[in-house]
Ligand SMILES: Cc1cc2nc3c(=O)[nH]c(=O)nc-3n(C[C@H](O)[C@H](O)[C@H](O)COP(=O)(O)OP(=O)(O)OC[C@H]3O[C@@H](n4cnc5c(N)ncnc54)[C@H](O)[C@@H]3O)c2cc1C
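One chain follows as C-alpha cells, the form predicted alone.
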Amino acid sequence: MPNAQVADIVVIGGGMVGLASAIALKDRGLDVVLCDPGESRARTSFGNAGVISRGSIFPMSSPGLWPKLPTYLRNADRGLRLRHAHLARVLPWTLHFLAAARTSAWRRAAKSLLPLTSAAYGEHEQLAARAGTKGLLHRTGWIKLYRDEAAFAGANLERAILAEHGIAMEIIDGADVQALEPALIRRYARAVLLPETGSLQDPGALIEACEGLYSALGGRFVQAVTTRLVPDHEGWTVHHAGGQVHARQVVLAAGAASAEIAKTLGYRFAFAVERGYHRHYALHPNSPPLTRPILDTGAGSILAPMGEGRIRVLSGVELNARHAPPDHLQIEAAAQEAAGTLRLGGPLDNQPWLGSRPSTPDGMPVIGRAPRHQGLIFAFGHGHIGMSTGPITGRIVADIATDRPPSVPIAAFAPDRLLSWPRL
C-alpha cells in the first residue's frame, strides 16, 4: 500500500511525554515511529513554566475547593476561569472532580505522585546531558508567595503534607522575601521556598533538542494528525493524514487529544481540558534579574525567567473546549498583576500563547496498558506536570513495552480506574 510504513512501535504525540517515550524505546533497541502534527508551538510542553519540582504532588481538586466554590462559579478568582456550558459537556469529569476534593483523596494522590516527581529532576539531567541542553536546566528552587497571613494559613495542609514526605522547604518572613528575590517590588507577607526544585529556561528549546536526539538515534517521524487506530491480528494500523504505519504496539501520548483518540476504541475516560496562556515581557534594564520561577498565589499566576531578560507570565487555568476561540481576559489580568510584582517592560509577543493540558479528575496521569486491547499503552493526563515528569514517564513506557517492571510504582495510574466509574 502506498505511504505505508512498518515499525515495532508507534508513539502518538510529540510533546515531552511522547518524545521521552520515543527516545527511551529507541534506547531499548526498538524501531520507533513518532506520529505528531509537528506544530511545536501548539504543544503544551512548549509553553509551560518549566518547573521541575519534587513537591508537584497536589491535584487541582483540593479540600480547599469547597469554601471557594461560589467564587469560582462567579469567575471571581484570578486563578480559574470557567465556561459553564463546557462543564456540562464534561459532566463525568466535573462530578468526579468535585468528589475528589477531599483531604483523604488529596493525601492519597500526593503519596502516589511522589515517586514520579522525585525521579523527575534526575531524569531531566540525564536527558539534558544527551540532548546538549544542560545550560537550560538550573536547580535554583522556586517560590510560592502569599500576600497576607490568611492566604499563608490557608496552605497549612499543603505544607504539612510536604513535610510528611520529606520535601525540603523554607518559610520566609515578609521582611526577608525581597532579600531572597531582589527583583520583587510588591511586598508579601510570607513566602515558601522549595529549594530542590529545578527549572528550564526555555522548554521549547528542550523539545527541539530532544527531537534532534531522537532523530540521531535513528527514530522516524510522521508529521501528521493521527486519524484512526485499528487493531488487527498482527498488532495495530495507525492511520494518519498521509498514510499508515503498521506496528506491534502503540503508545498513546497525545496530551489533551488522547481521550478523543481513545474514545474511538470505546474508552470513555472522565477527562477535561485545562487551557492556559502565557506572554513574554522584557524585564526593565534597571531591575535585578529574577533568579527563579515564582507563584504569586494572590494573582493565581506564575512568573518564570526565560533567559536574556525575558519573563514568561503564565495565567491560571481556563476550563474550556480545546478548540474554543482564545479568551485573553485571564492572561491580561495576570500581566497587570505581574506589573505590580516585577519591573516589566513591554510585551515581546504579538499575541499570547495558548495551550491545552489534559486533566483527569483525580489529578493523576493515565499510565499503563489498555485493559481491552493488546499492544496499546496509555501515557497521558499529566496535567501540569507533563514537562516535569515526561522523561521518567518515557522510561516507564519503555519498561511496559519491553515487559520489564516499571521504574517507579504506577498502580495508582492504571487506566481502568477512570473507566470503572459509573457512566453519568
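As the structure is a prediction and not an experimental result, all values here were calculated from the model. Quick note: we count residues from 1 along the sequence shown, nothing fancier.
Another form exists, predicted together with the named molecule; not displayed. Remarks below refer to it.
- The three marked residues, 14, 225 and 382, each reach the named molecule in the predicted bound form, with a heavy atom inside 4.5 Å.
- Proximity of residue 37 to the named molecule in the predicted bound form: non-hydrogen atoms within 4.5 Å are present.
- Using a 4.5 angstroms threshold between heavy atoms, residue 276 counts as touching the named molecule in the predicted bound form.
- Contact check for residue 61: no non-hydrogen atom falls within 4.5 Å of the named molecule in the predicted bound form.
- The shortest heavy atom separation between residue 301 and the named molecule in the predicted bound form exceeds 4.5 Å.
- Checked against the named molecule in the predicted bound form, the candidates 183, 261, 295, 172 yield a single residue with a heavy atom inside 4.5 Å, and that residue is 261.
- Distance criterion of 4.5 Å from any heavy atom to the named molecule in the predicted bound form singles out 257 from the list 257, 157, 189, 151.
- Residues placing heavy atoms within 4.5 Å of the named molecule in the predicted bound form fall in a single listed stretch, namely 354-362, out of 367-375, 354-362, 66-74, 394-402.
- Along 44-65, these residues reach a heavy atom to within 4.5 Å of the named molecule in the predicted bound form: 44, 45, 48, 49, 50, 51.
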